[in-house]
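One chain comes next, on its own, written as structure tokens: the form predicted alone.
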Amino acid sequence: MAGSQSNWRPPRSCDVYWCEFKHCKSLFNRFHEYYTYGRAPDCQQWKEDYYTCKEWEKNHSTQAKESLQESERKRVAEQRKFTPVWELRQTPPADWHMPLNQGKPQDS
């Protein structure tokens, strides 16, 4: 068990967590989030993950490892909760092999 713990690495490098935090705090991203969702983004989790990752690199603490894993699980669950925009097809259309504009007058 101790050997498997020493081989474990965070899902992202610590620099990625810091870059995500800086991007989250950027003026452009704040404006985009406010325009799109009507609220400012919460960037605190990226900062906490960065410091937790740094702690993992220093001490290899089990608490830091579990915290990073839980945070990544929450991120993945958050991404999966959105419904797709289009319905996925089971089979291609019957006329998939025909040229797109065959037999249709062009608007010009």
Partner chain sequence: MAQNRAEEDEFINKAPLQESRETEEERKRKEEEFGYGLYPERSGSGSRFKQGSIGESLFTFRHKCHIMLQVAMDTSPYAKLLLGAMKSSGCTVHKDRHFSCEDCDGTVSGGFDAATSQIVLCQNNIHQQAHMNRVVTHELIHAFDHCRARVDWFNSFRHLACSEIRAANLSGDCSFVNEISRFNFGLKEHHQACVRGRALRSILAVRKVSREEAELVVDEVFDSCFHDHAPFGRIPHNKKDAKFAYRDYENRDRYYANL
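Keep in mind that this is a model prediction, so the values were computed, not measured. Definition used throughout: the rigid core is the maximal C-alpha set that superposes within 1.5 Å between two forms. Positions refer to the first chain, counted from 1.
This protein has a second form, the form predicted in complex with its partner chain, left out of what is shown; the following refers to that one.
Taking a 4.5 Å heavy atom cutoff to its partner chain in the predicted bound form, the contact residue among 59, 79, 63, 44 is 79. Its partner chain is not shown here, and in the predicted bound form it never comes within 4.5 Å of any heavy atom of residue 51. Looking at residue 72, you'd find a heavy atom of it within 4.5 angstroms of its partner chain in the predicted bound form. Interface residue remark: residue 25 is not counted as part of the site for its partner chain in the predicted bound form, having no heavy atom within 4.5 Å. Of the residues in 36-72, those that come within 4.5 Å of its partner chain in the predicted bound form through at least one heavy atom are, in sequence order, 36, 37, 38, 69, 72. Taking the rigid core as fixed, one finds a CA shift for residue 37 smaller than 2 Å between the shown form and the other one. Annotation: Cα of residue 95 displaced by at least 2 Å between the shown form and the other one, core superposition.
Comparing the forms between the shown form and the other one, the C-alpha position of residue 28 differs by less than 2 angstroms, with the core used for superposition. Relative to this form, in the predicted bound form the C-alpha atoms of residue 33 and residue 84 separate from one another by 3 angstroms or more. In the predicted bound form, the Cα atoms of residue 72 and residue 88 sit 3 Å or more nearer to each other than they do here.
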